[in-house]
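Shown below, as structure tokens, is a lone chain in the form predicted on its own; questions about how it binds or moves come after it.
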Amino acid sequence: MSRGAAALEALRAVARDPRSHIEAWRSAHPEGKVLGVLPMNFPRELAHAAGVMAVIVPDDQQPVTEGRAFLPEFYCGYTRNLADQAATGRFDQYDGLFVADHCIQLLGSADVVRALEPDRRVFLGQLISSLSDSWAGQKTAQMMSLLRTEVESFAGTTIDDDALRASIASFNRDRDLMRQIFDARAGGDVSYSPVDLQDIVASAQIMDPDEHHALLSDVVAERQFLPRDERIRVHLSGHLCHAPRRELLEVIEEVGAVIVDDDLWTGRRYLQAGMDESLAPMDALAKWYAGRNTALPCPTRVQHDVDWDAWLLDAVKRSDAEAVVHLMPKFCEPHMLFYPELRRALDEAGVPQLLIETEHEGIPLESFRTRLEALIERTHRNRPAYA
């Protein structure tokens, strides 16, 4: 196995078995603490600068059993899975849980952790959602300062500004390299499968950024440009908080499509915005939060001059995508409420689209395959050669 292939396998192993990676980190850092954070806006740079391992808690895709007693069935699968992790002891790998917003269901799942894990520190921080208000910058800066204080208290140390600058640079470097791969895919390079890319990003949400960057650099060093073929070019949209099941990504490409871009949480949504290293570190964190919504809009944010539908249309044009597949987790209220705007914009632009409602327990793949085949056939008719 080549060095690049071995590095990709190492990233894949972390993405698919984060518990083993966390246990290995604990063995190497017996005095260290592991902080679980929930998507999407907690600045892991703060925890990294304090010497804490900050992990964006993944959906471990285990069946929800005891967790059913703590959250209603109309909560999304990700939050019900978090409740189940706490109810069955699978949350024991984290010393605490921090949330920097973002939806009421996530807050509910954090409250379940607080109730079931009273010895674990749980902090709920509410970042401002109305970014067009004149006081948004001030409120964001105040919350970032509070997050810093809470992390320092959790870690039992003071965060040095120079350490925070170094952490910002490390995360930026790792995001930049991942963004290069995604930009290359949008430009026509399909060297990596969508499952490979998801594993790369999912592992970044768990690992130390320097360790992740070193492995990813080995992967990229051996990349051989693979040009896009004549399959239908698809943009994937949705899944704001957790990864879609890998078999869904595989089926999309099995039926005659090629995924050229996305706005998934385990994709561009995580890595699209970097931090301004020319600013004072706390100013950089505050500006990053506001800039994330400009770089890739979120339906949980309100910003008058930014819309997800406009961003999506621009992304479709940049990658020459011919169709859009929306992956909407069942009961994801922010996505459900904004979806009509996305659908209207794409319909007006004449872009074929398909909505797939996903569930934590999985979906019938053959039904999914049939609907995708119909989308691919419909999209083929839009091509000049099929006119």
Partner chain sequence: MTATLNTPTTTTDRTNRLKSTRQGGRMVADYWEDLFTARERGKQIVWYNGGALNPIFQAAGLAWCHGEAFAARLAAQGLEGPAQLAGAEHGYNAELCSYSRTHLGCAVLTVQGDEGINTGVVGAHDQAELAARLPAPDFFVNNYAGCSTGQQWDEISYRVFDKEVPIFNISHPFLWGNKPDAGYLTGEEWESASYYVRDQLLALITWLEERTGNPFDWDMLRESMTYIKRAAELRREGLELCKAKPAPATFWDWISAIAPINFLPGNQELVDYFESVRDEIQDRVDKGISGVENEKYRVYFDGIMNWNKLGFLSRKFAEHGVAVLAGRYITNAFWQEPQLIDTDDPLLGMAQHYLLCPTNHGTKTLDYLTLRDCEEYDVDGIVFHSTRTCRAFTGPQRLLARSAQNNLGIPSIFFEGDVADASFYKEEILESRLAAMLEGIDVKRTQAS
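Numbering follows the first chain given and starts at 1. All of these numbers come straight from a predicted model, not from anything done at the bench.
Below: the form predicted in complex with the partner chain, not depicted.
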Inset, instruction - Using the partner position in the predicted bound form, report whether Pro72 sits within 4.5 Å of the partner chain, counting heavy atoms only. - result: yes
Inset, instruction - Consider Gln93 of the chain shown here, and say whether it contacts the partner chain in the predicted bound form, taking contact as heavy atoms within 4.5 Å. - result: no
Legend entry - Contact test in the predicted bound form: Arg68 vs the partner chain, heavy atoms, 4.5 Å: yes
Inset, instruction - Find out whether any non-hydrogen atom of Pro299 is located within 4.5 angstroms of the partner chain in the predicted bound form, and reply yes or no. - result: yes
Inset, instruction - Identify, from the list Ala221, Leu226, Ile104, Ala214, the residue with a heavy atom within 4.5 Å of the partner chain in the predicted bound form. - result: Ile104
Inset, instruction - Answer with one of Ile56, Met328, Val351, Val64: the residue that has a non-hydrogen atom within 4.5 Å of the partner chain in the predicted bound form. - result: Met328
Legend entry - One stretch from 161 to 169, 117 to 125, 267 to 275, 195 to 203 that, in the predicted bound form, holds residues within 4.5 Å of the partner chain by heavy atom: 117 to 125
Legend entry - Those residues of 304 to 343 which, in the predicted bound form, come within 4.5 Å of the partner chain by heavy atom: His304, Asp305, Val306, Asp307, Asp309, Met328, Phe331, Glu333, Pro334, Met336, Leu337, Phe338, Tyr339, Pro340, Glu341, Arg343
